[in-house]
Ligand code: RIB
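Below, in structure tokens: the form predicted on its own, a single chain.
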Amino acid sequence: MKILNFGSLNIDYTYSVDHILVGGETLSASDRNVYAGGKGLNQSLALARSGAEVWHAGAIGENDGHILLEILETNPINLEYLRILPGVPSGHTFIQVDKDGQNCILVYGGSNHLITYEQIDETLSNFDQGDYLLLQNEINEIPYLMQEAHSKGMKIVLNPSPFDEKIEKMPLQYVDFFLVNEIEAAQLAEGESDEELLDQLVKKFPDSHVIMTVGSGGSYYAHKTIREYHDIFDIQVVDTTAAGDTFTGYFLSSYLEGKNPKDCLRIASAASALAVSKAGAGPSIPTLQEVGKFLSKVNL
């Protein structure tokens, strides 16, 4: 069983601000940093640092992608399906992080939106029934990816973020695992409470596993009649940028190791808590040893 993450890679330009800007406002930033990020890259880092074996497929620009390639190469991630494209910019983001650690993100697709059928076909030819395909909504040709992976009998894991009209055009009935926050969940189904929203997602996708994070409200797991919940860990928030991606990578890795859903939520929640305690996206994602040390000191 192998994990293929066909996902985005972005250069993150991160600005520290007093508060998130509103329309028409001009504000001075107190600091600026450049990090390797992108939901795909972050999730591959989380998988690799949790001990999972992961292959990352995607595309970066030849001229500016060195920062992305460097962090990928210094982690145990297989890169034989990563393409380096001449003459195009890598994907990049502009991120505002306020004094409370909350953020807003503007994404430019760049090389992430130059995935071809040929690259998809060549990559998927190296994976088989029972292998896992992890996707986010930051690259192009996702419906084709899902259709081809499903036809091969691969398990599809989808983090539908950022949520937009393209999600509705995807064959969501093929998704085996949904990893969503409460906003994305509410865009997929209707519910007055977290529990009702979870139930509606299970009703809409009866064969899927649903993992839903609700910020300070903790996280939920649902599959058919099974329901699990885990609270958050109380920790000083510095930057929430990679929190969800860290949770995704650690939950999937733990689940594929055979851990029960309750333990998967606990481990993923701990990893996410450690991630928000540090600045940046990729650099903030903890190792399995750091997560284990943290969990040994808490009672939650």
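Quick note: we count residues from 1 along the sequence shown, nothing fancier. For clarity, every value in this text was computed on a predicted model and none was experimentally measured.
Another form, the form predicted together with ligand RIB, is not on view; read the next lines as being about it.
Think of it this way: in the predicted complex, ligand RIB has a heavy atom of just one of Ser208, Asn181, Thr123, Thr93 within 4.5 Å, and the residue is Thr93. Checking Thr241, Ser50, Ser269, Thr248 against ligand RIB in the predicted complex, a heavy atom within 4.5 Å turns up for just one residue: Thr241.
Residues of just one listed stretch (255-263, 36-44, 228-236, 59-67) have heavy atoms within 4.5 Å of ligand RIB in the predicted complex: 36-44. Although the partner is absent here, Ala281 lies within 4.5 Å of ligand RIB in the predicted complex, judged by heavy atoms.
Of the heavy atoms in Val88, none are within 4.5 Å of ligand RIB in the predicted complex. The closest heavy atom approach of Ile105 to ligand RIB in the predicted complex falls within 4.5 Å. In the predicted complex, ligand RIB lies within 4.5 angstroms of at least one heavy atom of each of the following residues of 1-34: Asn10, Asp12, in sequence order.
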